[in-house]
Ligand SMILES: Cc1cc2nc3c(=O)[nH]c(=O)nc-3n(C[C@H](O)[C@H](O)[C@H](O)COP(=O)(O)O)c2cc1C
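This document starts with one chain, in the form predicted on its own, laid out as structure tokens.
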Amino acid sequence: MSPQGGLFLRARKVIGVHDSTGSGWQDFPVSIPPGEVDRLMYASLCCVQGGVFEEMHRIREHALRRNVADGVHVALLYQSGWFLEWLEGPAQGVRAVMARVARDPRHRSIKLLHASRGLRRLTEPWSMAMAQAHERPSEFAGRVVALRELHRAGEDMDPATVWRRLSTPMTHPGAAEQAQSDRFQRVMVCSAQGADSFELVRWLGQLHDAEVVHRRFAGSRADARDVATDYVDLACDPVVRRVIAMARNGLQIGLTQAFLPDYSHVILLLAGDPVRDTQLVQRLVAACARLSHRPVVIGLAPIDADHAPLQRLAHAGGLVYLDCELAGSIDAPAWWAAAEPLLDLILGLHTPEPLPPA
């Protein structure tokens, strides 16, 4: 191998079949009822007085008692004065939850946006998110009304698409393209230690003069802390590329897992610490275990890191693993200089140089 601008690159594809023994990560939820379920999504005006995210935690405590008994998995979003709730479960259970919602004074002006039957995408009983958005409730309401009319007209969109189209303001760069996989590329970044993934997204926002959107996620476990996740949209002709920084613990949250099939790549910013790096890959393998489509993994690490055990873990989980080694100073520009050509490969925007003989 030879250095290319301070970067040593090995891009070895490792493709395998999922190993049913799993990753060994013990605190990951593993029970998902099989078969098709009713899937419903609605939006409602939030009538909560005071801290909304704290109230969502209280809603979680109640929902985990009642919804789990009904076999219903739920994801709840708060944004711009509105709630968006995604329900999956047996028909009777979904009807029971909606009956409780109709009586709940924290909601009003309920608008049905989606109803279908299909496989679950929500892998745990409860997930919730709060998104920063610089828009008025009336602007969010305009998207609610538009999506309700599409639903009434028989427009066929899966729940994840409805969620994305409502939670991304239509004035946001790339929003109109996000339903088209060939025009909108989603990439997750997660670091084995520290907050390098968030530093990378902030740096990309500054470099491209693009807004960084801040969100908070939480899952079913009351003893688990909320996690941060930031994203930035970049114009990369002919596509828009969304780069999402995800906290390590966020890989365990059902809402994160629900959208993993939409990512083309997950970039792992490795520490060169075998314990931390292994734990991160284990979490990702566990999060991807039930997916029919799995993102490509890009492992970025210092020059002396050992990728071999990480590749074996990825291989056991049916993941393609591309490993890159960085020489010299490692910071946000260096991480991105290593990752961007590999992201471009899938789009046909970059032709890799042939590797020298081993």
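Numbers for residues come from their place in the sequence shown, where the first is 1. Computed from a prediction, not measured in an experiment: that's the story for all the values here.
The form predicted in complex with this ligand exists for this protein as well; it is not shown, and the discussion that follows is about that form.
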Heavy atoms within 4.5 Å of this ligand in the predicted complex: does E85 have any? yes
How about H208 - does it come within 4.5 Å of this ligand in the predicted complex, if we only consider non-hydrogen atoms? no
State yes or no: in the predicted complex, is some non-hydrogen atom of R100 no more than 4.5 angstroms from a non-hydrogen atom of this ligand? yes
Taking heavy atoms only, is F217 within 4.5 angstroms of this ligand in the predicted complex? no
If we test each of L234, L76, M157, A271 for a heavy atom within 4.5 Å of this ligand in the predicted complex, the one that passes is L76
This ligand isn't shown here, but in the predicted complex which of R148, R106, R165, R120 has a heavy atom within 4.5 Å of it? R106
Any idea which of 57-65, 291-299, 321-329, 308-316 reaches within 4.5 Å of this ligand in the predicted complex, heavy atoms considered? 57-65
